[in-house]
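Encoded as structure tokens, the following chain is the form predicted alone, with no partner shown.
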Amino acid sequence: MKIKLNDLCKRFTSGEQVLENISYQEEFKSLAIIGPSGGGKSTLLRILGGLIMPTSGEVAFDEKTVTYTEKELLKHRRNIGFVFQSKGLFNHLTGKENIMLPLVHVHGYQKKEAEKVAVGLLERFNLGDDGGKFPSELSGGQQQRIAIARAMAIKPRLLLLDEPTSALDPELTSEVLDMVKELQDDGQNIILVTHEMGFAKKACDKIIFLVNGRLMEAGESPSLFSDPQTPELSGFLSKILEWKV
């Protein structure tokens, strides 16, 4: 997939400048957005997914510019899967029902058809025994994996993940990252915000590094990690590696 950002800016009504003149163009399979907290990573991800509008600038995927009108954004979002930090599962629904819900109510599936898709995804990702459980009966890793399965149910053109392993312990983090890697290996286009530098380095082919709303550095994952070109990235990676965050 090809992404193109042209002078992308985002300023909130409070006057806070969150993204400033971001321009980037690249072919990618999996793109990681990294950087210090408060740098605009999640805001950028939401703009790419059409959840919030930029103040100015353009976003395009495969040479098609995203039009930020509600009618066009509805079409755009139908081709994108979202997974956020909070998982976003409905507590009163089982894992299977959580996967079925958007298929029936947003994408027009019949209930039996949606159930078939949900069961297939649960089996594919080794969650077959968890589909009948409610979120409160699942571990954080299981909840997040079901959230990813739900996002994949629509066969999205692009999967967006915002810190998918946030607040998970190492074992559960590994479960989620293994699932994301499997999707990547199957050819799923992915953009993720992550603090897991090992995963970004090994599993993502392209990297964007944001600091205070500015694109400080971008490039191929191996070279960017091994030979940072800016003091900001060098300092960021040094801190991460020192404490193995």
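If you're wondering where the values come from, they're calculated on a predicted model, not measured in any experiment. Residue numbers run from 1 along the displayed sequence.
The following text describes the form predicted together with a small molecule, which does not appear among the structures shown.
Practice problem: Using heavy atoms and a 4.5 Å cut-off, decide whether 95, 98 and 102 all contact the small molecule in the model of the complex. | Solution: Checked in the model of the complex: no contact with the small molecule for any of the three.
Self-check item: Contact segment among 66-74, 174-182, 30-38, 197-205, judged by heavy atoms lying within 4.5 Å of the small molecule in the model of the complex
Solution: Among the listed stretches, the partner-contacting one is 30-38.
Quiz prompt | Partner-contacting position among 18, 22, 237, 224 - heavy atom within 4.5 Å of the small molecule in the model of the complex | solution = Looking at 18, 22, 237, 224 one by one, just 18 meets the 4.5 Å heavy-atom criterion.
Exercise. Decide whether residue 189 counts as a contact residue for the small molecule in the model of the complex under a heavy atom distance cut-off of 4.5 Å.
Key: No, residue 189 sits far enough from the small molecule in the model of the complex that none of its heavy atoms falls within 4.5 Å.
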